[in-house]
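So this first bit is one chain, no partners, the form predicted alone, shown in structure tokens.
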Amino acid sequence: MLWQDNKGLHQLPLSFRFALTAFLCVCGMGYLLGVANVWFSYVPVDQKPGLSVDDIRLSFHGDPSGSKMEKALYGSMKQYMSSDADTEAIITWIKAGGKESAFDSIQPIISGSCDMCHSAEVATAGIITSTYKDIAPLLETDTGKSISRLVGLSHTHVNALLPLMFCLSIVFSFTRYSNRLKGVIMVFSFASFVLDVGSWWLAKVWGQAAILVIFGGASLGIAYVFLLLLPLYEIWFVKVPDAANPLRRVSDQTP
């Protein structure tokens, strides 16, 4: 058995190597989809090209100079508006005080562009735009992601990513790389995971910590590269004895 006589992943039966390769490739695809989701979710926030620290700061810490609805209309929700004129009509209403007496003038716009996802029945992300009472909380000063939203994101992230990282670490532990290298990469991977999630909460409290969100995400990406590519390399390309392997296993035995 592999765990009793570890000769490396290349020594596994061909069918099992194909299965492991498929698993690692699907994990890689999942990570790339996650990166794409981050890109499309946060890039529009500051209305400038590319993902920046400002995108992250505005998303997690908020912008005291504007409302939550303004940020959404200028950012991630802009693509769902029927036209720029409709967007500006709502923004003008908000800047005029967002009074209930003038709500009837922009309600048809909101119904046509927002209610498909934010009706009382659907309530995507817990947001409803059917009535003025529903929209009133969105007219408040933008304070970034709410605590309940952060709890939900953290819960989903931990429950989905932590078991996957554990499985990848198990696969990596059966490679023939040095124990020192494996230990460093595994510690780095789980530390990156903690930094990735923890930085969201820090950025919520302190806007300047938004740089840590980017750093945490980049660190997690590097960890994934190691956990995915090093096993794949050994599965298909390591055909030489350990002594000829530049990353050969270091014996734990002392003279």
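Predicted, not measured: the structure shown is a model, and the values here were computed from it. Heads up: residue numbers just count along the shown sequence, starting at 1.
There is another form of the same protein, the form predicted together with a small molecule; it is not shown, and what comes next is about it.
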Contact test, all of Ala72, Ser113 and Leu138, partner the small molecule in the predicted bound form, heavy atom 4.5 Å: yes
Stretch in contact in the predicted bound form with the small molecule, which is absent here, among 74 to 82, 158 to 166, 97 to 105, 173 to 181 (heavy atoms within 4.5 Å): 74 to 82
Interface membership of Thr92, the small molecule in the predicted bound form, 4.5 Å heavy atom rule: no
4.5 Å heavy atom contact, Ser148 and the small molecule in the predicted bound form: no
4.5 angstroms heavy atom contact with the small molecule in the predicted bound form for Lys68: yes
Contact of Thr124 with the small molecule in the predicted bound form (heavy atom, 4.5 Å): yes
